[in-house]
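Only one chain is shown below, in structure tokens, and it's the form predicted on its own.
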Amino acid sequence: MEGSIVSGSQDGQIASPRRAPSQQRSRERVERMLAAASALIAEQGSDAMRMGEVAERAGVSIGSLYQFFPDKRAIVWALAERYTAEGQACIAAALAEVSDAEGLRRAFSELVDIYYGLFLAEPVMRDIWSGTQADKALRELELVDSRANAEFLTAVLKRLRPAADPAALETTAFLIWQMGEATMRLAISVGRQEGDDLVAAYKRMALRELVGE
């Protein structure tokens, strides 16, 4: 039996508005659906994508598609969740072993560069997060993601500044992460050179706060 569709949030986690596949064959079919949707978004954007196109490209019936994704928003949500999970894993790994200011400077700089590079290189990711502000549920997902990522940064700051106020460190980390996401969204909406300059300016500002540069 497949998992049921859920909505809302539990314990700070935003639930996905889609049916979760529990059988291997169903999971493989869902993967084909998401791959098809990704290709269509890359070609024409999520606004122009149609459920029938996704089903046709994935080689499944429209009924099968609707079984797992009740609407286009659920597909976009599933892709956003995937990018979010991959991003959190990358951030956690990059910050896990940081033990001094130089290590934080290097790890944070590399993460900013990686994140910006992904936005530039991945049209699907760019499409999804460019439209985040128009979708309340996606804004909530982004907020939960920001808090989770900020916790990784907070853990580093606590190691480097054991005498500092923990609440102040949490606020600093959360604000820096939110500013970073806003910067990325702005950077991909302007010309490439201006975008590069915005990201470089953000990096300098954030590092001054984090390590005193």
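What you see is a predicted model; the values in this text were computed from it and never measured. The first residue of the shown sequence is 1; numbering continues from there.
Note that the form predicted in complex with another copy of the chain isn't included here; everything after this is about it.
A.B. asks: Please state whether every one of the three residues Ala134, Leu175 and Met179 places a non-hydrogen atom within 4.5 angstroms of another copy of the chain in the predicted complex.
C.D. replies: All of them do, each having a heavy atom within 4.5 Å of the partner.
A.B. asks: Looking at Arg57, Arg147, Arg27, Lys158, which is the one with a non-hydrogen atom within 4.5 Å of another copy of the chain in the predicted complex?
C.D. replies: Result of the distance check: Arg147.
A.B. asks: Tell me, out of Thr154, Gln67, Ser38, Thr183, which residue has a non-hydrogen atom within 4.5 angstroms of another copy of the chain in the predicted complex.
C.D. replies: Looking at the other structure, the residue within range turns out to be Thr183.
A.B. asks: How about Arg139: is it within 4.5 Å of another copy of the chain in the predicted complex, going by heavy atoms?
C.D. replies: Result yes; Arg139 sits at the interface with another copy of the chain in the predicted complex.
A.B. asks: Using a 4.5 angstroms cut-off on non-hydrogen atoms, would Ser109 count as touching another copy of the chain in the predicted complex?
C.D. replies: Because no heavy atom of Ser109 falls inside 4.5 Å of another copy of the chain in the predicted complex, the answer is no.
A.B. asks: Is there any non-hydrogen atom of Thr171 lying within 4.5 Å of another copy of the chain in the predicted complex?
C.D. replies: Within the cut-off, so yes.
A.B. asks: Please run the contact check for Ile114 against another copy of the chain in the predicted complex: heavy atoms, 4.5 angstroms, yes or no?
C.D. replies: No.
A.B. asks: Want to guess which of 139-147, 76-84, 99-107, 116-124 is within 4.5 Å of another copy of the chain in the predicted complex, heavy atoms only?
C.D. replies: So the stretch in question is 139-147.
A.B. asks: Do any residues of 186-206 have a non-hydrogen atom within 4.5 angstroms of another copy of the chain in the predicted complex? If so, which ones, in sequence order?
C.D. replies: Residues within 4.5 Å: Leu186, Ser189, Val190, Glu194, Asp197, Leu198, Ala201, Tyr202, Arg204, Met205.
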